[in-house]
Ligand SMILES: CC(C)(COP(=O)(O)OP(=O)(O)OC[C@H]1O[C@@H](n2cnc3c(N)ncnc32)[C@H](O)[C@@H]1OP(=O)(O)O)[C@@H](O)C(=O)NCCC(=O)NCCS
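Okay, so here's just one chain, in structure tokens, the form predicted on its own.
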């Protein structure tokens, strides 16, 4: 697979993760409120986990099954989160996931990053469908998906077990032809 590009928006750079990002990842993802909004971030966040996670991203990217970006504030060069596409090439679709560090919530950064990754997914990766689940108890994530034009597809009741509780998942999706019409 070719090297990942850097995507640019008005305020952000979306670039491949580097091992030097590990301290920022551990600090931001180690926040309980960030972890509880995701399926995979452990809490407490163990030492060395960020390095293991970044190395795993690089392996999956090389295999062509994943495209991930560090969300970086352009002016400061500071990592503030993650966004990625888990690609099912046989079906020309991808599952989008993302998280932002809590200090960066409610500033429109996530919406900006999601828009850029949708453009990349449909125009460069030639995907047919991109979908994104979010936990029902995280309505802000649903608002992001609505803002970018994704279509509500339904609720998966008690779909995941997270921190000892079953959580409902809301599902949004966008087809290539819907993206093209926007």
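The shown structure was predicted, so the numbers you read here are calculated from the model rather than taken from an experiment. Numbering follows the first chain given and starts at 1.
What comes next is about the form predicted together with this ligand, which is not displayed.
Since the chain is shown here on its own, which stretch among 51 to 59, 37 to 45, 149 to 157, 117 to 125 would lie within 4.5 Å of this ligand in the predicted bound form, judged by heavy atoms? The contacting stretch is 37 to 45.
Which of these residues, 130, 67, 144, 29, gets a heavy atom within 4.5 Å of this ligand in the predicted bound form? Selected residue: 144.
Residue 107: touches this ligand in the predicted bound form, heavy atom cutoff 4.5 angstroms: Contact check for residue 107: yes, within 4.5 Å of this ligand in the predicted bound form.
Any non-hydrogen atom of residue 93 within 4.5 angstroms of this ligand in the predicted bound form: Close contact is absent here: in the predicted bound form, residue 93 is far from this ligand, nothing within 4.5 Å, heavy atoms only.
Touches this ligand in the predicted bound form: residue 63 (any heavy atom, 4.5 Å): No - in the predicted bound form, heavy atoms of residue 63 and this ligand never come within 4.5 Å of each other.
So, residue 100 and this ligand: in the predicted bound form, are they within 4.5 Å at any heavy atom pair? It does: once this ligand is placed as it appears in the predicted bound form, residue 100 has a heavy atom within 4.5 Å of it.
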